[in-house]
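Okay, so here's just one chain, in structure tokens, the form predicted on its own.
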């Protein structure tokens, strides 16, 4: 019990580092995307300013109890995912609250935030809320299917459901990484990764250039700040999962920062090259291409 209490401040320190790095990395990726489109982009410090400003605001508008729990559930998904998987392999203070079967819990947390936001949007009272919920959950479900099969293939390959044990099995050489030992499963997982990041061509749920409604405009003040906080934490937490399962994990913070940046850059690169899919196109893409590759990775094992 004493050891568990000691791990709490260490986990909070890890959360703080990831949160600050997520805000910075989000601005860097936005600037890279802007430069690719021959625009200047936002300053590197803009996300910090926006977050402080929104946390300082208050609102008297009410839409129902569940409407305001949506951002809380969304943030819980990101924080929970990060806290229950090891961030830095081999460093006890940054292994957080990982345990023998944490891979199953991680899969639940990946989908938890999306369900929470769906419940919140459903109580907003907006006539188009049901449309946004249906197409959002359709794409998220289709994107998570190849990832779930790829994770099952990895668990079967290493005969464990412990993220720490999976990382340990990849140590010793770069060629021990899952990307080399099971490239088909990793390919399917990276296809799913593009959809889960909600960046082009899979940002149809938000469609920022087309739809002036939805969570970014209906949620405001501190509720919008909660969503901004999750936008900094949740993508990094998902990349921690991908890094641990497929790319050998990270034994120190410099390696962590580099691998997370490269994963984020991969999603940004695809986003500036390909146009946006419609809902049915994105769902079809995951089912026609992602799922067969994931199944092939399962047979590879």
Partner chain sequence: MPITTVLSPFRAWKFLFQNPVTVRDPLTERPGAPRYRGFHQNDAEKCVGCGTCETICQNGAIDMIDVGLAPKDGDSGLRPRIDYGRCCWCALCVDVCMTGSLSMSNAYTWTDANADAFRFTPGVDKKPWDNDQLGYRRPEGHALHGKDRVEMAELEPEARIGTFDEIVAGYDVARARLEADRCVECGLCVATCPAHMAIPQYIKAVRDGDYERGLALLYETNPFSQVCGRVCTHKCETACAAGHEGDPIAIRWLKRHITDQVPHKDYVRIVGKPKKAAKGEAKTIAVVGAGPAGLTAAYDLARQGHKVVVYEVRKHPGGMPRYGIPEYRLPYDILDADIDVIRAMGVEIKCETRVGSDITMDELKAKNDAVILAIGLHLGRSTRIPGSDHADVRKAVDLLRQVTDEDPVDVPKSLVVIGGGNVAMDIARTMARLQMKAYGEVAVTVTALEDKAHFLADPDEIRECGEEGIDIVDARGPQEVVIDADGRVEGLRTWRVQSIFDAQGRFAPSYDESDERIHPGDMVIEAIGQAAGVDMLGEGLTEALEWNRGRIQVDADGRTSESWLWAIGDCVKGPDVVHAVADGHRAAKSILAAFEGKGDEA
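Positions refer to the first chain, counted from 1. As the structure is a computational prediction, the values presented were derived from the model and not from experiment.
One more form of this protein, predicted in complex with the partner chain, exists but is not displayed; see below.
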Exercise: residue 33 in contact with the partner chain in the predicted complex, heavy atom 4.5 Å: yes
4.5 Å heavy atom contact, residue 268 and the partner chain in the predicted complex: yes
Interface membership of residue 274, the partner chain in the predicted complex, 4.5 Å heavy atom rule: yes
Quick one: which of 243-251, 34-42, 229-237, 256-264 gets within 4.5 Å of the partner chain in the predicted complex, going by heavy atoms? 34-42
